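This document starts with one chain, in the form predicted on its own, laid out as structure tokens.
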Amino acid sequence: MDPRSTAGRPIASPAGALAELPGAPERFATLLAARQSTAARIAALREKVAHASLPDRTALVLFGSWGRGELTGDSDIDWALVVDDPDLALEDPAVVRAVETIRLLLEDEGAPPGGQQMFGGAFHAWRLVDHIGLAEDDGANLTRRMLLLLESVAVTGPEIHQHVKRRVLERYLSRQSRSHRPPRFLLNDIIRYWRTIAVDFEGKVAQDTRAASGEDKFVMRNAKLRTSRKLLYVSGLLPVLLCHYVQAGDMVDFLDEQFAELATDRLARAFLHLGLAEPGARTLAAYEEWIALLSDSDNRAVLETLTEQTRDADVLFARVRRLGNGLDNGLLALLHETELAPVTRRYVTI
């Protein structure tokens, strides 16, 4: 029997897949409520910036929990003005004014982007497409490209946002000529991004140690690696592996449809398609508990005061570790204990 046909049906759109898992909607009340509140906040932002004077061929795009539909009360706001006009310099007065206008309009919407200067300004779309790999594909370019695909939402210029995402996918698949083969170029970049996050985590620990500061960030960063960051990674990995079931000529459309939906829906769809509805529900219930935990400002305050030395004795961090382990177990089962296992071994392991 052809292993590509054992699922027995086309892969459905991820849209709304979380609500199809056993026990929904009660089992995922926090996640579904966060989606609604995030959508309402984005709608309000669209009204807020509707009369802002932004240059043509640009899009105001949000990333992070805004793009995942997982806003909590303490979420920050990672934003960028994506410029899809190679002739419009980022130093152009119109772009500079637009960035300052956006900064003022968003200053009460959450903490500003971090100090690494990946977000909170403008960047060119063409760099995401033309510089994949090699020296000019620095950490900022890689992060912007991956988050554009995996967790972004347009406040303005939705057609620009969609067009840029499509061009990125077309670039990744421009040399993909074989059906039922996960596109390695894209797959390797998603894996590279995940490994970069993990390596940078340790780099930040060393940096904070040298600067004798930032110790309070260690536990929260570690908790997010175990949960949100890992779920985002696998929600990007799975659609690419599911190209095992897709004809070469359909892959861009397939991935475009997958990445148009929320990360938790992409993951839920993979569980449902591969016949693991209840394990999928348990896995995403662990993530639901993480989002509920993070939504409580008291819990967040505890995590932000723990250190590497004090975390192991803390009950709340023990709970985070348990949730991370539950997420791990479900994701590993999906990748290694279903008909996708040979694909995982072939394309991810080596």
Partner chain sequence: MIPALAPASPKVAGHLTVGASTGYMTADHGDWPALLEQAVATSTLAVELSALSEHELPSLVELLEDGQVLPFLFVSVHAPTKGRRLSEPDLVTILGRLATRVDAIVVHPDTIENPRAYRPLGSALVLENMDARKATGRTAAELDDLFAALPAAGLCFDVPHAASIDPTLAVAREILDRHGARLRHVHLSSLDAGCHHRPLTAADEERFAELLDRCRDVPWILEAPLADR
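Numbering follows the first chain given and starts at 1. Just so we're clear, the structure is a prediction, and the values are computed from it rather than from any experiment.
The same protein also has a form predicted together with its partner chain, omitted here; what follows describes it.
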Please run the contact check for L332 against its partner chain in the predicted complex: heavy atoms, 4.5 angstroms, yes or no? yes
Does its partner chain come within 4.5 Å of any heavy atom of A40 in the predicted complex? no
Under a 4.5 Å heavy atom criterion, is R46 part of the interface with its partner chain in the predicted complex? no
Indicate whether its partner chain has at least one heavy atom within 4.5 Å of a heavy atom of D312 in the predicted complex. yes
Does its partner chain come within 4.5 Å of a heavy atom in each of E278, R321 and H336 in the predicted complex? yes
Though its partner chain is not shown, can you say which of Q36, N325, T307, S53 has a heavy atom within 4.5 Å of it in the predicted complex? N325
Segment that reaches its partner chain in the predicted complex - one of 58-66, 28-36, 313-321, 292-300, heavy atoms within 4.5 Å: 313-321
Going through 125-147 from first to last, which residues have a non-hydrogen atom within 4.5 Å of its partner chain in the predicted complex? none
